[in-house]
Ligand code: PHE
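What follows is one chain in structure tokens, specifically the form predicted on its own.
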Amino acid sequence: MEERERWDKRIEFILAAIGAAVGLGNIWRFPYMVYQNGGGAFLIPYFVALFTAGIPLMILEYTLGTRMQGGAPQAFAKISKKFEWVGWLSIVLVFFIATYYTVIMAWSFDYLWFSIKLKWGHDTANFFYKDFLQLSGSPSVLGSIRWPVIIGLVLAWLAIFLCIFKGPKATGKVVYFTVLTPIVLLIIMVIRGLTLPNAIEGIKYYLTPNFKKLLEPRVWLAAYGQVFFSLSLAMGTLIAYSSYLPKDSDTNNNAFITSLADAGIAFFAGFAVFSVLGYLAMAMNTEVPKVVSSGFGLAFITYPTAINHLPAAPLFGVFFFLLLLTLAIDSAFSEIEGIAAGFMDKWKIKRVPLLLAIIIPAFLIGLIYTTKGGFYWIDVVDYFVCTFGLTLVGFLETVIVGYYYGADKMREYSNSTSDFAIGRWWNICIKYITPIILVISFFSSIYSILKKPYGDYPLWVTIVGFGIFIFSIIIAFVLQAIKGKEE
């Protein structure tokens, strides 16, 4: 029997896991979530969510991977063959995520080039939507593909392939650069941001606590949602990564280190973002709330506007978009690694041909997002895959491990291989707190959709979104039904 691929050192696994967790959301989502949900007060529900859902689920996934020595499908199949489809569901969903996540990387590649001469000009919103994306009027109008995005997409997939085609031993060396570089860039940007005039005003808006917000249930759900998606849980990635560790690896320590590193980097990133927004507000003679935005708007409109006002603007622009790329690349290649692990485990396919078999279809599907209407579909697919798909996988993980396999049994194994033991609080989190929160989140999202179609799009767009979710489940069952090489 062929020996399983391994990390060379534990530090390489930890860096790779941190890289998988820390992504674009740490820059453009977490700081905005803090600002929007009570400032410094939001850290209370956030850390409650981290210790009652994030870390417990990460311990579960790390222990599952090391205990079962397989990617997500094989890990669940070893608990019971009938649960293999849950692992495949995570892989199918992550495949869909990879098809559009790489397109966002492509935008970052393009903007890295644009930043050299500040090509976006003074009207950054007009440049992003009209000149760069050439956005169509609706999701029903795809239009032609945008060649600058295609070039960036090719570079993104090439970078992913080069990072993982030799397996964990080589990837373990790559992460020294791809994880440590964005941390260094972030430190530089925070220092530069805090030295800007009016930076403190931006920081005040970021952290000023509004404890009344803690009385709103949606704030607590937002905290759990941020923790769940920020840590790359339910994607199969962490199960695959931990399966490349020896069976006696310290899962408890690894989970705490990874989770706290992700939270710390996300919180720290807020200082880089809001210090610059404080400066931008002063430069535009307005208030900080009027320049605050989230998601794509922050990265490709607000930040380029701020860069225009900075001394040595091109250099700062290069730093920012290089930061986005180095953050994104780890998350992107971890997604593909998780997918590859599932297929290699079951059908013993060689790594390089398998990676090509994953990357080429993903690239072709990604062409949809490079069209003039592709922006809308990134929004739609991201919402339905993450909000419904990954939430369902997370819920099923807790039920399968907590009740069928046995929370006590899993915890005893994790404690037997770790430097410190976790108590029965872990059982309570896995069996009750986390699944209840995920169920509430799942059905509250369905309720919102029933009240009003997603994103003010036509009803048929919402139907397509749910169709992708259901299609993913069907494909997962099909992959389970196909016999493996040794069956």
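Values in this document were obtained by computation on a predicted structure and should not be read as measured data. Residue positions are given as counts along the sequence shown, with the first one as 1.
The same protein also has a form predicted in complex with this ligand, omitted here; what follows describes it.
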Selected contact from 235, 92, 272, 106, since only one has a non-hydrogen atom within 4.5 angstroms of this ligand in the predicted complex: 235
The single option of 24, 464, 473, 479 touching this ligand in the predicted complex, heavy atom within 4.5 Å: 24
Contact test in the predicted complex: residue 99 vs this ligand, heavy atoms, 4.5 Å: no
Non-hydrogen atom contact residue 229 with this ligand in the predicted complex at 4.5 angstroms: yes
Proximity of residue 15 to this ligand in the predicted complex, heavy atoms at 4.5 Å: no
Residue 331: touches this ligand in the predicted complex, heavy atom cutoff 4.5 angstroms: yes
Per-stretch contact check against this ligand in the predicted complex, the hit in 115-123, 138-146, 334-342, 312-320 (non-hydrogen atom, 4.5 angstroms): 334-342
